[in-house]
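A single chain, nothing else alongside it, follows as structure tokens in the form predicted on its own.
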């Protein structure tokens, strides 16, 4: 896209998020041709939409479409694809003894689907996608930290056959890499929204006859948040350019850590106001805490990256930030 097309694309998505939510937002994105943009210019489509989703604290089934497209399941673009449990990146299904053992998470689109797509690993280490009837699985809505995200936990052991039909091979590594980048952009969008809330508060809140934004300690917290968020955004751009699962994992881990850093600083600036249900900050904090755990938490991804480096005894190639 050239600059004019990109501006129009972003403005259209912004209007869609302002006017719709839930299934209505999915329909609006479909009408705008977002899925077509995903197949033509995935970096632009993912970066623009997911940062807006983070900034607006909105929910959609866009992550399902990113994962299915990257996994090579383009015909299942409207499906609900099962995610691994929180903090993990391995496929949510395991094939053994003629059945598929399933444990994973589904997004809000599950409520409007009769089946889910489950990527399962077989004994040889390869991955296949299965279409599994929702009625055959135990479904437990998650009402914890961020109920607005609409996550549900699904589990069960399904015999292969009428209730679990095979869709073909799936590239799980590519799906996790693309999904990690999408979540990274959503974390950056949420971080920027939290920073704007804290900045506005610092300009309006007066102590000792001066806005608290004039105090050095407050400025340091806001500037540290900005540096963390912009660094994460830069690493995401570099990961798109590099195009490997390794850098996608690095970018997701750093985005999660940066968003949590910004959340802590912004809470300090907002002080007691940030703890109130009336102020929108808590919604972003809740969302960041959950997004950081999806497709691998920043702590576990960083640990895994370190273990891989020690095992290979070789540093990855450097790329400009």
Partner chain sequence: MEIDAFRAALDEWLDEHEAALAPSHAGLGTLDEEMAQLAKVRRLVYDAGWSRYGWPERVGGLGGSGLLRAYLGEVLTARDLIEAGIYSMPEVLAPTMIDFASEALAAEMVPKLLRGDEVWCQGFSEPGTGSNLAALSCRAVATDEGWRVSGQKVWTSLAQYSARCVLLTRTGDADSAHRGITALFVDMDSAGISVRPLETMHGLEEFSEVFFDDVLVPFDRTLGERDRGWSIAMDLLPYERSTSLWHRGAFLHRRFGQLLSTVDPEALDPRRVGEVAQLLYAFRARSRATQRRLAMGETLGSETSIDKLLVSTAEQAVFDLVAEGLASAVTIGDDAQSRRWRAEFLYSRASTIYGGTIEIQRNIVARRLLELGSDR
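Note that the structure is a prediction, hence the values are computed from the model and not measured. Numbering follows the first chain given and starts at 1.
This next part talks about the form predicted together with the partner chain, which is not shown.
(message) Looking at heavy atoms inside 4.5 Å, which stretch does the partner chain contact in the predicted complex, given the options 112 to 120, 129 to 137, 199 to 207, 86 to 94?
(response) Only one stretch qualifies here: 199 to 207.
(message) Would all three of 4, 29 and 33 be in contact with the partner chain in the predicted complex, where contact means some heavy atom lies within 4.5 Å?
(response) Contact check failed for every one of 4, 29 and 33.
(message) If the cut-off is 4.5 angstroms on heavy atoms, which of these, 141, 245, 234, 72, is the one near the partner chain in the predicted complex?
(response) Answer to the contact question: 234.
(request) Tell me, out of 224, 171, 153, 166, which residue has a non-hydrogen atom within 4.5 angstroms of the partner chain in the predicted complex. (result) It is 224 that has a heavy atom within 4.5 Å of the partner.
(message) At 4.5 Å between heavy atoms, is residue 307 in contact with the partner chain in the predicted complex?
(response) It does: once the partner chain is placed as it appears in the predicted complex, residue 307 has a heavy atom within 4.5 Å of it.
(request) Indicate whether residue 253 is a 4.5 Å heavy atom neighbour of the partner chain in the predicted complex. (result) So residue 253 counts as contacting the partner chain.
(message) So in the predicted complex, is the partner chain close enough to residue 148 to count as touching (4.5 Å, heavy atoms)?
(response) No, residue 148 is distant from the partner.
(message) If we define contact as a non-hydrogen atom of the residue within 4.5 angstroms of the partner, is residue 299 a contact of the partner chain in the predicted complex?
(response) Taking the distances in the predicted complex, the answer for residue 299 is yes, it comes within 4.5 Å of the partner chain.
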